[in-house]
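So this first bit is one chain, no partners, the form predicted on its own, shown in structure tokens.
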């Protein structure tokens, strides 16, 4: 296929690549569960190493550019977990091994994770996408951490441990009570934070879950990773402004302290 749409200059520094489209070749594009897929690609030139929960704008040629959180990264490849929701992710799901796409990033601000912090990571819904890379980074920083993974039903589950490293324990919470804890992830969080001390709580998932998480961890060092419409990823178009705040998700986030975005979460 033609790759004329990729910038061709060979003398950019790696940091300049953040805002250029980098071509990448698909390794694999696999089904993980009834809801999620994982795509692994090989960038054809060097990327700036992302830090969680930074994201990339992933361009499916001729279709759309979509924001995806980093699920894993090394010097040879980068992976994304995604859910088929619209035209862009539907087209992405049809890309087979050897296909090409474009990457712009990493975008957004990384979390400041202190070495050795005891951390609770609370995940719900599509929040599973950045979870493997967050846990990999926590492990590299010598953090002791646990994961709560909340889903509505059993069919949404997959072997999360197979795409993560360094996790001491994964607590499963299902709203239909089919597996693990019977109830919502935020309810299980309330129980754990009442029994154990955590230096840091990170929430990734739907807006309603994050609102509840902020409420049950009031007074703790809690950050929530948000999702909203992102078009340019550079803070230029204004599509990702968070109502009732002065924040743009793509440049000020996607991670925020609860107190920064509580008014937004309540809307």
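Quick caveat: nothing in here was measured; it's all calculated off a predicted structure. Residue numbers count along the first chain shown, from 1.
Omitted here: the form predicted in complex with a small molecule. The next part is about that form.
Comparing 225 to 233, 209 to 217, 42 to 50, 25 to 33 against the small molecule in the predicted complex, the single stretch with non-hydrogen atoms within 4.5 angstroms of it is 225 to 233. Among 89, 77, 118, 178, the residue placing a heavy atom within 4.5 Å of the small molecule in the predicted complex is 89. The shortest heavy atom separation between residue 83 and the small molecule in the predicted complex is within 4.5 Å. Taking non-hydrogen atoms only, residue 68 approaches the small molecule to within 4.5 angstroms in the predicted complex. None of the heavy atoms of residue 99 is located within 4.5 Å of the small molecule in the predicted complex. Mapping the unseen interface onto this chain, residue 129 counts among the residues with a heavy atom inside 4.5 Å of the small molecule in the predicted complex.
Although the partner is absent from the chain shown here, none of 134, 146 and 256 has a heavy atom within 4.5 Å of the small molecule in the predicted complex.
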